[in-house]
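Next up: the same protein chain in two forms, each one alone, written as structure tokens (structure 1, then structure 2).
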Structure 1
């Protein structure tokens, strides 16, 4: 008997059916906005991550030397891969480039609620435009996906911020501040004790008084963002505030402003974010961690050797998204679903197979016996797979040129001419052959 590896999960059929419904909903919404599906490899050069984030990142990855002596890693995220893909064909790809991809990723990290070492997410990205409408469209795809799943504005909240506002405010202090380190500390603010947060900010170069001032600035409400411009007195902060306001205005035009709350304590920990960033949270707080997030990363393509290419995207992960949907009571039922079970009695396989084939051609989920089971055993199996209708093809029925339809929930049944079944009906039922 072998145990499952820690941080990896099995999904049995009923659970996987529910997950598939959720994944297909997210993909359908993205496709409706013109995002096109791409496929990406599970393995990349380890340098792709080390060059971007430093050698220490390799300790958090499934990184190893392959048989060809190459240092490789199982992909921990998609953004560097799609950046590489854009650089490879940058001149021939029409702009804006709008891609999505659903696949697993791997990180060797501590297993906790909503976080595993193998995880699945859908990445949705736009490359080639810095228009605020692109940021708003990303917010709209995210919001529409959640509402299509049955969630409402009472269930989730997009906390929206701007990295250049944070960086500009930090840069306005009269000390040498490690901006990247300070922003990473802001990202951890809600996850660590206050004294640890203060220590991280101090390590980044801020005094106690500056930390207090900065925290007060982070509490500035959306309607008073101009006060940040007055405090900093820099074009950088003025431009960033204007950009955030433009994105929020565009989000209103897209019909999703109601889901957005300005929250300057939202920072996103990855250093490559450059502009508007956001994180989705459970409005009730029952799911204590971020459900997913995204934002703008305008410098990444250039950092991988391409031409300057603005970019923005988000990536819902299905471990945390399932927690939100389950809390809100909209996670799909984890149960098998079968439209028809074609039951065989005696030497009737040829007719049963013809009926099953024609029902499948109409787009139905159809099972039939492949184990030589008895009549009763087949009925039990049909019940176990939640078959809606059983079509009984028995030798005695065929002698009368008939088949029997049985509705499993009600137990009602009726006979139908075998040569007329399924006939012209898209979805033949007991009711259609009654009377």
Structure 2
């Protein structure tokens, strides 16, 4: 026996069916908003990541030299790839560019609940517009996808913040503040002890009094955001607050405002976010980590050598999303489903095959015996694959030019003329041949 590679997973048929349903739901919602599917490579130049995030990032990648001497890496995320794609055809692509893609990614990380070394996510991004409606559309796609999955506002919460509000407030203090360090500290605030948080903020250059002041500011509710403008007195904060308010107003028009809570402590760890950021959390807190996140990253495309191109997106990962769905009881049932099993008794393969073929032409999932099994064993098998209807093609029935239809759940059965089966019916059932 060989073991699986740590952090990689097998999905057997029943579970895969459930995953497929969930992924298709998310993609259908994105597609409904006009996001178009793109396909991307599993390997990129390792430099794509090292240049953006530093050489240390290579330690967390599946990176190696290929036979041609190229330093390559299995893609740990999609953003650099789509940035590269946008830059490559910047002139010819009509704006806004709206793309989605569901794919595996790979990171050499420590495996924990909801986190693996190979993981699937759907990236949904808009490039080429900084209009608040684009930010709100991303929130709308995310919320619609979750509600389509059967989740409700009682199940999840989008904590919405704005990078420039935090940065602007920090920048408005008289002292010299390491903004990036302070934002990282804020992101950790709920996870660490109060003293530790204070120490981190102090390291970032804030005085005790400033830390207290800042805490009060962070608690500002959505309806009082104006007070932040007054406090800072800078254009930067005024613009940021105005932008956040515009996004929330658009979200209201799109019918998803109710899922959003302003939470200025939500900072996300990602350095490249520039504007609105949000993270989806389990409202009950049973899924302890963030389910997924998203936000605006207006500088990234330029950083990859393109024209300045604003961008906003989100990326649900299916490891955490399935945890949320399971917690909420909306994860699809993990069971096979089969429309018809065509059972053969004796030398009836030709007729059975014809019937199976015609049922398949009507779009059904149809199985028939390929093991030479006995009648009882075939019924057993049909039961094990959850066949709804069994079509018994037996020598006895055929002598009367008939087949028998059996509905597995109720056990009811009826005979039907073999020449008229499946006939004109799209979905022939026991009921349709009764009486």
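Residue numbers count along the first chain shown, from 1. None of the values given here were measured: they were computed from a predicted structure. Under this definition, the rigid core comprises the largest set of C-alpha atoms superposing within 1.5 Å between the forms.
Of these two, which one is the form predicted alone?
Looking at both, the form predicted alone is number 1.
After a core superposition, would you say residue 189 shifts its C-alpha by at least 2 Å between the two structures?
Result for residue 189: yes, a 2 Å-plus shift.
Would you say whether residue 177 is displaced between the two structures, judging by a C-alpha shift of 2 Å or more on the superposed rigid core?
True for residue 177: a C-alpha shift of 2 Å or more.
Relative to the superposed rigid core, does residue 214 relocate between the two structures - that is, does its Cα move 2 Å or more?
After core superposition, the C-alpha of residue 214 moves 2 Å or more between the two structures.
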